[in-house]
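What follows is one chain in structure tokens, specifically the form predicted on its own.
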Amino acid sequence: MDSSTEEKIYDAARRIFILKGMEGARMQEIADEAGMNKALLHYYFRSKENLFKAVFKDIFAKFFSRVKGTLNSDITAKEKLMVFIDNYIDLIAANPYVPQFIINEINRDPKVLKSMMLESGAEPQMILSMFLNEIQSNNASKIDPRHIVVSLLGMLIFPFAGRPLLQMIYFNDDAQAYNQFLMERKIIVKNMILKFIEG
């Protein structure tokens, strides 16, 4: 498959998955959106699940390629965390089906999800070490850094995974107001994580 065909399929699949989710999307819809034959999608990906995983890996590969440069840079650990939070929220805002996919895969087969993330260039241990180094170097909070990582992921993912309910209950189903709320989360999450680290 040439790169232009692949990108065309990924773009179409992303749009349909955002609109319909993994369960609601149909290969025919994705083929129509991409302007190609459904048989071509099946030839390259065999199933909707395989296509979804390919799109997921593509999204995270691009995300981690951006983040990796930041994590390996000379800026402080706190600054790295701030950039990571910004990038993570932007990633999920642009791909709102990703949190639900992650939750489904965690319940279905976490080994598959771990494998997909590693293949995408994710290095969870690097992030954990970053928290640990920051805590030790500043003699700050002695909290186990795994608590900080899990808390960070919960604060970043749940507002997107729980959006249908939260938007309905707290925002009168106003999508624009909720989008604004999600962008405000960047500052809120940063402040909360800094309090965790600094104790």
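Everything quoted here is computed from the prediction, not taken from an experiment. Note that residue numbering begins at 1 and tracks the sequence as displayed. Only the largest set of C-alpha atoms that superpose within 1.5 Å between the two forms is called the rigid core.
The same protein also has a form predicted together with the DNA, omitted here; what follows describes it.
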Next item on the list: Work out which of H147, K57, R66, R26 lies within 4.5 Å of the DNA in the model of the complex, going by heavy atoms.
Entry: R26
Item checked: The unique member of S151, T70, S47, N133 whose heavy atoms fall within 4.5 Å of the DNA in the model of the complex -> S47
Check: Heavy atoms within 4.5 Å of the DNA in the model of the complex: which stretch among 57-65, 170-178, 156-164, 28-36?
Finding: 28-36
Next item on the list: Mark I143 yes when one of its heavy atoms lies within 4.5 Å of a heavy atom of the DNA in the model of the complex, and no otherwise.
Entry: no
Check: Any CA movement of 2 Å or more for D174 between the shown form and the other one, core superposed?
Finding: no
Note to self: Rigid core aligned, does the Cα position of K48 differ by 2 Å or more between the shown form and the other one?
What the structure shows: yes
Next item on the list: Using a rigid core alignment, state whether the CA of L153 is displaced by 2 Å or more between the shown form and the other one.
Entry: no
Checklist line | CA-CA separation of R163 and F17, closer or farther in the model of the complex than in the form shown [shift of 3 angstroms or more] | finding: farther
